[in-house]
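Heads up, the chain below is alone and in the form predicted alone; it's given as structure tokens.
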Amino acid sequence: MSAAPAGTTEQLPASARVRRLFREQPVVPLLGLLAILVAILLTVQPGILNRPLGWANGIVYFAVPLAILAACQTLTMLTGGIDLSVATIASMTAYVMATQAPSQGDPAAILIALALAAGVGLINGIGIGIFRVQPLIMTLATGLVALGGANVYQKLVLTAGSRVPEPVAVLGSGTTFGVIPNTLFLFIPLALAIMILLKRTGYGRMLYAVGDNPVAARLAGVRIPQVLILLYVLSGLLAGIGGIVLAGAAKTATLNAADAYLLPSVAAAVIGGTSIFGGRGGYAGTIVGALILRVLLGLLGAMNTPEPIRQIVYGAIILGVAAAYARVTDDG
């Protein structure tokens, strides 16, 4: 019997096989980590087994907004960028929707809010794509400006009243047949659209190309400014949708509602296998990363961990998983 060809998986050492698994199928080990965290949570809080659907739905309600905001980070990080304005855009969109709904009606309020979110994304895209401002600086500055503008707007409408539109509340916190979270009817098509965009379209391939080697992409004819402008408009729209879903889940809207989601949105993308240096990653891993973070947060809460210690442990585990992923995927 002839020997197996050199370089086959069977001849690779265990460490090399782990690296290949993380590079080619990062979702597989991430699902394993998610299962371990769920098992630990069930051990710490066995009462969950008495209401598994309620617990699962609770995870989904707040994992979906995180996963949508993490989509913004996944898309922008593929080009070597980042979007630090997503939390501000999400909160602002939800608040504008809630304050415009009483006077403009629900559909118009949602459209006005999403148009505003896209406008902030357009400003980001122009600054990054045309004026070549570093994405971290541009999105951080835009987020601060948007936050200041939102605070001015808040004072102007202080006596106007606000309400989360009923369809948004039903979408964000309701269920169908008492089992299926309604938010999944929005999130599943949205997630599929993002994955198809990345894997099956020319624009998705351009995002990877720009992040992997912008010089080569430019020489190949990719119009990088246009690619980046559209990217950040899309990121702004996704952040706005995430803010609306979060408002529906919480049934309220404030100007700091999404602040706690900013760093976890970056962490979910990194844990999911998206490189901060661009050119590598995908959205499926990001979704699992968002679930991991929500389960982890629930686990720390079940252990009655004080908030300062909870933040330390939460951050340390995020850092550890991200560092481990970077280690095993290092081609060197």
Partner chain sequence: MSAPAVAAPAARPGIGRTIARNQWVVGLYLLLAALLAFTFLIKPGYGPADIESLAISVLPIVFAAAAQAVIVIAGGIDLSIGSLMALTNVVAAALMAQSGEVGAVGVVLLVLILGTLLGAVNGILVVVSRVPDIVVTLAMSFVWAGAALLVLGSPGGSAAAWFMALADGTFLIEWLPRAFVTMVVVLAVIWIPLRRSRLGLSLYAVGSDRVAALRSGVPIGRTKIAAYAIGGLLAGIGGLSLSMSTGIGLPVPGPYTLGGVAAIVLGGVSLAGGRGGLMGPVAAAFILALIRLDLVFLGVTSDYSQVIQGVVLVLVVMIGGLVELRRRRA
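Numbering follows the first chain given and starts at 1. The model shown is predicted, which means the values in this text are computed figures rather than measured ones.
Keep in mind that the form predicted together with its partner chain is missing from the display, and what follows is about it.
> Is residue 323 near its partner chain? Define near as a heavy atom within 4.5 Å, in the model of the complex.
Yes.
> Give a yes or no for residue 14: in the model of the complex, does one of its heavy atoms lie within 4.5 Å of a heavy atom belonging to its partner chain?
Contact with its partner chain, no.
> Taking heavy atoms and a 4.5 Å cut-off, does residue 133 contact its partner chain in the model of the complex?
Yes, residue 133 lies within 4.5 Å of its partner chain in the model of the complex.
> Report yes if any heavy atom of residue 200 sits within 4.5 Å of a heavy atom of its partner chain in the model of the complex; otherwise report no.
No, no contact at 4.5 Å.
> Out of 82, 230, 112, 186, which one falls within 4.5 Å of its partner chain in the model of the complex, going by heavy atoms?
After the contact test, the surviving option is 82.
> Note which of 263, 53, 302, 40 lies within 4.5 Å of its partner chain in the model of the complex, where distance is taken over heavy atoms; exactly one does.
Comparing distances to its partner chain in the model of the complex, the residue within 4.5 Å is 263.
> Indicate whether the candidate residues 148, 307 and 318 are all in contact with its partner chain in the model of the complex, with contact defined as any heavy atom within 4.5 Å.
Spot residues vs its partner chain: full contact, yes.
> Thinking of its partner chain in the model of the complex, which stretch from 275-283, 44-52, 61-69, 26-34 has heavy atoms inside 4.5 Å of it?
Going by heavy atoms within 4.5 Å, the stretch is 275-283.
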